[in-house]
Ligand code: ADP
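What follows is one chain in structure tokens, specifically the form predicted on its own.
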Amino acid sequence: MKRLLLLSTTTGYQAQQFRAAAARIGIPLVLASDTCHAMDDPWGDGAISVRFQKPRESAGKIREYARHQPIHGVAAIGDAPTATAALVALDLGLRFHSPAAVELCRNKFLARQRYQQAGMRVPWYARFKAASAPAQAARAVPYPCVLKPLGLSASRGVIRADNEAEFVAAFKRIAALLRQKDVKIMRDESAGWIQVESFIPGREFAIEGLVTRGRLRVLAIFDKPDPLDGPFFEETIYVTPSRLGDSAQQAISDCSQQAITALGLSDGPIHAELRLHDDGPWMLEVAARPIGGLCAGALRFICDGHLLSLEELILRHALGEPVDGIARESCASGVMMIPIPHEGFYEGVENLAAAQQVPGIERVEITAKLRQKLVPLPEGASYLGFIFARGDSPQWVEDALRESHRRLRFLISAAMPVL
């Protein structure tokens, strides 16, 4: 029986979704994680303990494992594991994106260079050492602009600046973020840089897709109905199918394919973020992995009359199964990533039942843990939870998500609660 390797930075809720998907379709799954050293075989499957900060060393450890326990497919959750996954796939002759393409996806500066070389729309951009003098850099950039940590994702540390004073404040804030332990532990060269780009006006969209031998299969185009104009860029609602016209959707799909070709992505899932302006789509970034968190729950697919989750689809694709005959379900769907309103400690949520009773709401998943320290963007890297909805139209889904969120009341204390 074919065995699939899942590389994940944690054994949290997204990894559990993949584990459940593998069980549903009868695929033996083995985990490689950089947290397994602290646990005793968490899934009872001989989990492999690796260090994603050292991808070549980690790939070697997995290669040794595969000598005795053959691996027939590779999947990765999150950005950090993709480098190890690419090396493992190359060593074992398995389907996945190449190490070079994954590196381009993980470095915004290198990706911008490739987009520019491919003739794509590219904003003005430059990178600055996080340790450099921000006042000097502030005089060398156009306004408005957006500052981004070169090696982080999911809008973490992304800040808009409309003048030199805002630039200096944003630069110092991002530099402080890059000194935090969870960022420094990445030991990645890109973690010491801040990228600055001219601000691209327009609406933002996301693409979820699978790439096979360099060709993109678009699984969904997500509308992001909330304006993302800054000063921070916290994503909240994703809704599909898109309400854009056919020509605009085709332009977004074509832009995504152009970016995939420019980066050299070949086989595996991708998650792309774009902006659509009057002159057409502008690629923000492409990740060599699926959508994060529990957001994949917003998507379901139909194959031979049966429903498939996105996780099931990714696992089947990783094992070489064709995906051409698979279609997204016909109803509209969406997810809300519940934002953290302010810093503090999570003490609970009220009105959860009322939020779940909104017509169209499938479920409300609160992922914050009791007494967890909550940090909003741009420094934070998590959400309070996820709300899922399905309905007859994208607008119906969007309205249901907003109403469900409106009913929730989160209890967040300013200080650690006393036990």
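Since the structure is predicted, the reported quantities are computational estimates derived from the model, not experimental observations. For every residue, the number given is its place in the sequence shown, counted from 1.
If you look for the form predicted in complex with the ligand, you will not find it shown, but the lines that follow are about it.
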{"property": "Among the candidates Q258, S98, T236, S155, the residue which, in the model of the complex, approaches the ligand to within 4.5 Å (heavy atoms)", "result": "S155"}
{"property": "Answer option from R217, K224, H72, R243, heavy atom within 4.5 Å of the ligand in the model of the complex", "result": "K224"}
{"property": "Candidate stretches 340-348, 292-300, 156-164, 86-94 - the one whose heavy atoms come within 4.5 Å of the ligand in the model of the complex", "result": "156-164"}
{"property": "Proximity of L178 to the ligand in the model of the complex, heavy atoms at 4.5 Å", "result": "no"}
{"property": "Contact test in the model of the complex: I200 vs the ligand, heavy atoms, 4.5 Å", "result": "yes"}
{"property": "Proximity of E321 to the ligand in the model of the complex, heavy atoms at 4.5 Å", "result": "no"}
{"property": "L228, heavy atom within 4.5 angstroms of the ligand in the model of the complex", "result": "yes"}
{"property": "Contacts with the ligand in the model of the complex - residues in 242-257 whose heavy atoms fall within 4.5 Å", "result": "none"}
